[in-house]
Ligand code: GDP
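In the block that follows, a single chain appears as structure tokens, in the form predicted on its own.
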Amino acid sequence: MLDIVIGLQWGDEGKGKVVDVITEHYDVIARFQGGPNAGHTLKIGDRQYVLHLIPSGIFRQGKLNVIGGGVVFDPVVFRQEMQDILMVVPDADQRIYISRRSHLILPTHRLLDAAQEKAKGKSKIGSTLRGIGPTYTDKASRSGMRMGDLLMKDFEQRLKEKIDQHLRLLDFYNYHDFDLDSLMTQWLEAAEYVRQMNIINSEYFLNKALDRGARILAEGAQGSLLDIDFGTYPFVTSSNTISSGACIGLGIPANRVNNIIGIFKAYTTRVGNGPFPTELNDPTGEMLRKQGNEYGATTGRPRRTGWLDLVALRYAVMINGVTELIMTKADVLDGFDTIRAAVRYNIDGQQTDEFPFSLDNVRPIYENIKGWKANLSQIETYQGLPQEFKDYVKFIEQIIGKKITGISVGARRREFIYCR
């Protein structure tokens, strides 16, 4: 059985925490797309961990973790992340498996990312500068290098040819402010570390696990509104972040999918540039940012904040085929007298409840919901939640047409409430 966890907004919905909570019900956790631009934050005990490449099930004893073929892989980031985890999870390196088909992020991919973003000037998209886009570009142009290439006899020659190709592109961008020798030394040391890991044909590994009756949880990175095809293009990531991307990124057929679990915040945030209809550039937005600690786990950049956008959320639920919803960061709204949510858009005088091709000239139409005066993080059962919060949950369910089955009311594992 395969279940999929998907972010339904512009990322940062709290997927890492949710995956960590629900992995007790699964045998294998598999990342299916993205790369070290992910920043899945988990708080375990008094310590906080941010995972960029490694699946969020790594802290659960006995759970196997797979980095699928749809992921782009940076050996430098992986080595540092793994070494940090091994200090608290001694067997972590024995429970992680990496697909041979995962594409490698080279040092020059990062340099190209910076050069291309600089060349865009005011039109830049707000890249994390982790080399994700250029790596997926090489993948699409059928000139990339994959994890399996690390194990080939002619790897060094192929790597040199690829680096030389990238250097010619950097010359075109007139981008020369870097020390390539230092970057390559660090990368090659990390690549040697990765060679000792479990590098596998993950599509066989996962399908055979399903045949044995294993329960697999597919974990996405970023959010649905950043999908390369169905997001707010061009302000998107370079991969398919929606649920169908899990089958492609893992090599698992669609008829083996069971549940699609959609994760959303009780409000909305966005990092980087791009349209954001419900954005609040006022004290309310700053209050959301402060109470929600809305700063990028990967970049540290302040996140843009706004009220919940139910038009966008309903769209994301539709294109993902979501079967159940989980709300995160509900506790951030504890101090508001009134909660607002966008239920329709006004575009040039015409109202619509559909998410449009372009978000230019969009004005959100809001409905107000009475706030609650309670500390949600201290409540452990759905029955114990204040009626005003339950009304907010029911309001969202009625608009979206799906049930909310879980609510995160804090950063820790125990601060999670199963509704049904």
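All figures in this text were calculated on a predicted structure; none of them were measured in a lab. Throughout, we count residues from 1 along the sequence that is shown.
What follows is about the form predicted in complex with ligand GDP, which we do not show.
Scanning V332, L217, V322, L206 against ligand GDP in the predicted bound form with a 4.5 Å heavy atom cut-off leaves one residue, V332. With a 4.5 Å cutoff on heavy atoms, T23 does not count as touching ligand GDP in the predicted bound form; it lies far away.
Contact check for R303: a non-hydrogen atom falls within 4.5 Å of ligand GDP in the predicted bound form.
In the predicted bound form, ligand GDP stays beyond 4.5 Å of every heavy atom belonging to S202. Although the partner is absent here, P364 sits far enough away that none of its heavy atoms falls within 4.5 Å of ligand GDP in the predicted bound form. The partner is not drawn, yet in the predicted bound form one stretch among 79-87, 168-176, 340-348, 322-330 has residues with heavy atoms inside 4.5 Å of ligand GDP: 322-330.
The partner is not shown here, but in the predicted bound form the stretch 6-27 reaches within 4.5 angstroms of ligand GDP through a heavy atom at D12, E13, G14, K15, G16, K17.
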